[in-house]
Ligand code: ADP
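First, one chain by itself: the form predicted alone, in structure tokens.
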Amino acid sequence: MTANKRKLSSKKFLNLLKGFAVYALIGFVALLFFVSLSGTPDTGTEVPISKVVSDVKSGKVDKIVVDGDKLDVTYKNNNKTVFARKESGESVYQILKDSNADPSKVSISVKDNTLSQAWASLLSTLLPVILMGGLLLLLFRHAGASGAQSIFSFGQSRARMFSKDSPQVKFNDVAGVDEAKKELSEIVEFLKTPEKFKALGARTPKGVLLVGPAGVGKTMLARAVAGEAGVPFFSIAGSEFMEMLVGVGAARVRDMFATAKKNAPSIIFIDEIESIGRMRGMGGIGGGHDEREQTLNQILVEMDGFTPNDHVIVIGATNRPDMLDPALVRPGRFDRRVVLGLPDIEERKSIIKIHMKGKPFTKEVDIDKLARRTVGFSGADLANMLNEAAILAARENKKAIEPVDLEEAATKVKMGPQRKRMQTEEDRKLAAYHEAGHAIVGHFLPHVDPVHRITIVARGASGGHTMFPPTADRSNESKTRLLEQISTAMGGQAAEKLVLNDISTGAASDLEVATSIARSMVMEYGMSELGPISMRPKSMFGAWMRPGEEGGEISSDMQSKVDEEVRKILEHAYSNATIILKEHKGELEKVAKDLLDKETLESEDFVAIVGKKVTAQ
């Protein structure tokens, strides 16, 4: 056992011993209290008062000691002692006289209980107070020993400190964010060699705001900055500042910055900063959270107030930058904004290589093909995919991970696990024609990505799915491509109507996707007969509202025009999908039949039925 472990063990033993001693003392005092209330314990044999009177008459009794309502009687011959009870308030002399016994024949004395009665009265008054005080003291001391959970530590920061002795994350451990790493490498230089910048009159940036969707590596990148700089790193989530008690959040902010200044140079990382940094007043009239606003005000003061805050850099992370208060994101507080997006194909290759370390793969696994297959995956998605692939391979008792495991894992990450459930033949037929409709329409539209897989195996909330993974990373979409995407989404319901002369609820999610794209085309992209105008509404606080979200400042007349344009786009797309399906009804029947037989068709199986896709040049 090491010295630290022995010291910790002895400390625990002493605390246990102290606790036992306190409890024993309280128990002993309580015992004394109850004994004092109950008086002197009875000794000897109890006899009736009439027997005592008779024995006094016979001259057998030597003495009687009156102890309240109890009589201690001692006999002459054998010094035997018994006791008897009398009525409260009665006199022994009077009892003997009334019974024609001579009181002078016996020695009668009265025991003085004045002192014991006084103690009993005092203890009955003070002991409850002492017991309550001792209990509160134990509670306070126990709570005080609980560190961050102490009832006296509401105002203490909940930030977790990672020192230079903790396991470090370096820039080499973070892939797919090369541009962001270049921006943050300067922050590392500021922390390592501040004098170089001071000599030229440059000041250390107060804060860096990392903006990007979930899973792109914001937290990992912040830890890499601390690891590269070799400085203490304080990590906390924005929600951890909030408590029921008013003023706690501001107190925790002060304590966190005070601790960071003591350990300067240092880094404070606030994850999900929008939970405390959102625009003041966004709670609505009478419904605002004053505690959150006080916390935000304290952060504003700490980052750029009268007190200098050198060598403490604040890194914030958010995926909702539109919600942040303008005073928080202005220069002088968050001087730099680093935007992280979903990784492109080269960045996905780098991320995949990092997460492949320590996992065995077969020779058939192609990293390039896997990177192309995972367009739209975040770094967290890729890590989860490789982990799921390893689990699937282990479940099948394989020695290495195969491409089929990676394909299933990628599908599981995006679509959810398979749901093996009993389906009627009618349900299977409906799903087969529905998914075949998506695939046929998409295949014969030149701007839609090639079909990757078709299945009628249920996953998540869907009864089947047709996958069109992008073949390349795109930053923009054309009007033609968006219209073809809507037509592809309409292909499932159009196939149901064409073949079965009926439609089902299975097209609900398709209609939702198609309507969302169409509404964005009209309101945001200017891709309708209403012309090049943006009507995406803003909220009263300046944040962009999502398409279809209520509360925008659009007139009812304009809203009617928008709805009419959306309807036109959807009807045109549905008509286009129907025309394609009628022209290729034979291929539709073959694909649906194969789906009923095999349940899943890969791209090679599909191309063998319909031919190679002709793409737009």
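Quick caveat: nothing in here was measured; it's all calculated off a predicted structure. Numbering starts at 1 and follows the sequence shown.
The following text describes the form predicted together with the ligand, which does not appear among the structures shown.
- With the ligand left out of view, the stretch that reaches within 4.5 Å of it through heavy atoms in the predicted bound form is, among 225-233, 527-535, 207-215, 501-509, 207-215.
- A residue is said to contact a partner when one of its heavy atoms sits within 4.5 Å of a partner heavy atom; Leu386 fails this definition for the ligand in the predicted bound form, lying far away.
- For the chain shown alone, His311 is not a contact residue for the ligand in the predicted bound form, no non-hydrogen atom being within 4.5 angstroms.
- The ligand is not drawn, but in the predicted bound form it has no heavy atom within 4.5 Å of Ile367.
- By the criterion of a heavy atom within 4.5 Å, Ala518 is excluded from the residues contacting the ligand in the predicted bound form.
- Using a 4.5 Å heavy atom cutoff, none of Thr411, Ile456 and Leu601 lies near the ligand in the predicted bound form.
- Gly379 is the sole member of Gly249, Gly379, Gly437, Gly316 with a non-hydrogen atom lying within 4.5 angstroms of the ligand in the predicted bound form.
- For the residues Val451, Leu96, Ala175, Leu430, the 4.5 Å heavy atom test against the ligand in the predicted bound form is passed only by Ala175.
- With contact defined as any non-hydrogen atom lying within 4.5 angstroms of the ligand in the predicted bound form, the contacting residues in 218-237 are Lys218, Thr219, Met220, given in sequence order.
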